[in-house]
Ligand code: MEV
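Before any questions on binding or motion, here is one chain by itself as structure tokens, the form predicted alone.
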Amino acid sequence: MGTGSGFGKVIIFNEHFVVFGIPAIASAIDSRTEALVERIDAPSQLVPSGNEGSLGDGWVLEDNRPANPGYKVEKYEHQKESINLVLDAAGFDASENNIRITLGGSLKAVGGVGASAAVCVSIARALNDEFSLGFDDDRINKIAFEGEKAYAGTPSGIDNTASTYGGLLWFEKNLQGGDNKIELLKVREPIRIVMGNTGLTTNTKAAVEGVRQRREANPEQYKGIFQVAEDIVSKARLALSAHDLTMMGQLMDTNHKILQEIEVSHPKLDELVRISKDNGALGAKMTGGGLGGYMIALCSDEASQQRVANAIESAGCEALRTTIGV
């Protein structure tokens, strides 16, 4: 049997804008999805054992990941399409080599943490491990990008990149179709964050397409917003380099405001942002596709992180205490 894993991720600056070539900053987090790929000798074994999963041409999936209620049901068709895309990109014919895929790990299946990308990366790695395909990380990343298309339509590539390589990344999508610009950013010490889970399942494909349509309908308005996004991320890079968390927090607040302007936030996300700020967060914003999923709050120290997390939990939502820049 073959095994593989993919990091969860958080986008700290410029989700959605990154699709259009504006730089973004993202980080892996210390939660992962883990995949197991096993060969199946008899086609009669291509039957889910009762856990949430799906069935494809020559493959069966058992999905044992923790998840928001309803997430796996709502993402069923996306997931099935994604696995087929991963197998195709890997040049693997499951109809000739039947396989069982089992998913697990500590990363919760919910919007905003790169759950779909982590699945794509972990399956690609497990497949590579089981069948000795000789893939390096660059190939794994490209395969995972193809799988992401089922979820995002036109993904930027930032989620699968963070999931593959880990670390804190500067990312620029090459709109001409060449290699994306990826730089590993260094920070003085790990930075504490809290990620608040709204409990709402997101539709990243719909969110991305909605931004595209509104941008085409309001070009002048969106031109100004996109200029602000580019200015934010340039300043954020300097703030990270200087370990200026106060400035970083202010820039996160501004980033959330322009994400609200392009209509990808949600009242529940806005509520958790407000609660975080009221309880001492240096900055807070939605993260990921939006319209639900997770938000992120920047904390100055462990005590602040605990205070913000407790406040989010008191509001009836889950809080993930983690770090970026590791």
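All residue numbers are counted from 1 along the displayed sequence. Computed from a prediction, not measured in an experiment: that's the story for all the values here.
Quick note: we don't show the form predicted together with the named molecule, though the next part is all about it.
- Annotated contact segment (heavy atom within 4.5 Å of the named molecule in the predicted complex): 203 to 211, selected among 96 to 104, 203 to 211, 76 to 84, 240 to 248.
- In the predicted complex, residue 158 approaches the named molecule with a heavy atom inside 4.5 Å.
- Contact check for residue 311: every heavy atom lies farther than 4.5 Å from the named molecule in the predicted complex.
- Among residues of the shown chain, residue 11 is one whose heavy atoms approach the named molecule to within 4.5 Å in the predicted complex.
- Proximity of residue 22 to the named molecule in the predicted complex: non-hydrogen atoms within 4.5 Å are absent; the residue sits far from the partner.
- Scanning 134 to 151 for heavy atoms within 4.5 Å of the named molecule in the predicted complex gives no residues at all.
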